[in-house]
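Heads up, the chain below is alone and in the form predicted on its own; it's given as structure tokens.
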């Protein structure tokens, strides 16, 4: 089947399908939830701090900067660029990796690429003059874009790499933040941004015997090319010809890496607990002549807004991106529009949403049948859940990898690996001996901000962030938090909460941060802070919305739904603007543009 071909439609028995979804979900539920995972750094047999860049010795910093940002991924790069554009030269980014890039610094596994189109995923393309080479850029190009931003805006000049923040304390008498690190630094910054994100702490499945394996092992975010051969640019993994290899995990990482492993190993075992939904990607090079025609001033902002309008409840008249995200949204809109306006109740609209999703997922399951020759494997590769229950995947070679003679799917029927032994792994009582185990188990997502960041911010009058957010996040726009002057967060929650394209959230937060730093300095003020009343009003507004996505509690376990466990009372605050992402971005642009900065105090 060609990558663009759509499988034939077939009748859908909704009740039977829902029963199947529930049965597949129930067998995967675990009482330990997020506690089933362990951090990579705690496992000496698997952990490797940084295989890409050696640590460079340096003297501790004890100086003062105007603006500091914790995190050198997209959030820090965009915020740093906007603050530099605002005329602030004293900018320092603190990053625990050896360079800029965030998750794209660590993810150099073979086949790594973005699942959202490059034109809207890669930040500051217009500002740097870069044309993506393909619709879905591969990791080396994304990392290179991060480095390009760093060079263009002078963000390398005062950056601290291989540095982890340990303490952040507000010094009221100095109107500045004191920042301490594991490298002995103790410097101050008038303004501080936090963009540590959810994808920087590599995790491992808490499988019994994890440390007992005597063969070679590594996590995909620390890919060992010295062992496998090849390189991040796609050279063949030519050292695996005599190796029996297991890759544990079948999420987005594995979907991208498996096609590069298949056919290169003496034997490849793909160990699956829950299959991903794998739709057509249809990647292709970007034509320079076409790009020259569309890359007129403001082009990327138009594309960002168009994608969001198509995917997140807007009303765009055209679809510039045309990918799997916008396809599902278009189907839902078209089905809802068939309902008479007087009958568009929440129940009717949910039914239309569900019908569209059933149709889409049936196509994705049918695709597995058509591509994978082994009928048993094809059946086990079918995803029995709604498409947005887990991160949707798109790939043109993953399913075909199971047609390679030395590639074997080891399906655990939702139970995972029983244990790791000295020689390999055990599934359903059978031991599989291997030379190498690769963990494609992703990053820590479901833990609290303080736990993931590795520090607890202490604000005005000794208030800890963990205390301020003890009952759930409180902010205005997801950026400003009362009690923490001159502090800015860059992340999606309590703003647009646009998960399909997180960089759009970060680019808008970066604009806000750059503007407010500039405005505070221009006014001759020393501090800017959201008022308690404005913060409460914003949170109250958020709670008038629909809350978490309907049906998430019925999803198969994963990081989208807290591994199937009750999310707790804090979860009701992990929401976005009631009007949706497009409405939020429009509102935020007006809030920035009118110059009133409603809800903030400058002093």
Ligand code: NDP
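Numbering follows the first chain given and starts at 1. From a predicted model like this one, the values you see are computed outputs, not experimental measurements.
Although not depicted, the form predicted in complex with the ligand is the subject of the following passage.
250, 391 and 443 all contacting the ligand in the predicted bound form, non-hydrogen atom within 4.5 Å: Looking in the predicted bound form, the three residues 250, 391 and 443 all sit within 4.5 Å of the ligand (heavy atoms).
Answer range among 201-209, 236-244, 179-187, 527-535 for contact with the ligand, defined in the predicted bound form as heavy atoms within 4.5 Å: Only one stretch passes the 4.5 Å heavy-atom test: 201-209.
Heavy atom within 4.5 Å of the ligand in the predicted bound form - the one residue of 505, 277, 311, 254 that qualifies: It is 254.
Sole residue of 305, 435, 115, 411 within 4.5 Å of the ligand in the predicted bound form, by heavy atom: When the ligand is considered in the predicted bound form, the option within 4.5 Å is 115.
Interface membership of residue 417, the ligand in the predicted bound form, 4.5 Å heavy atom rule: Taking the distances in the predicted bound form, the answer for residue 417 is yes, it comes within 4.5 Å of the ligand.
Partner contact for residue 104 in the predicted bound form: the ligand, 4.5 angstroms, heavy atom: Result yes; residue 104 sits at the interface with the ligand in the predicted bound form.
The ligand contact at residue 273 in the predicted bound form, heavy atom, 4.5 Å: Result yes; residue 273 sits at the interface with the ligand in the predicted bound form.
The ligand contact in the predicted bound form: residue 573, any heavy atom under 4.5 Å: Output for residue 573 is no: heavy atoms all beyond 4.5 Å of the ligand.
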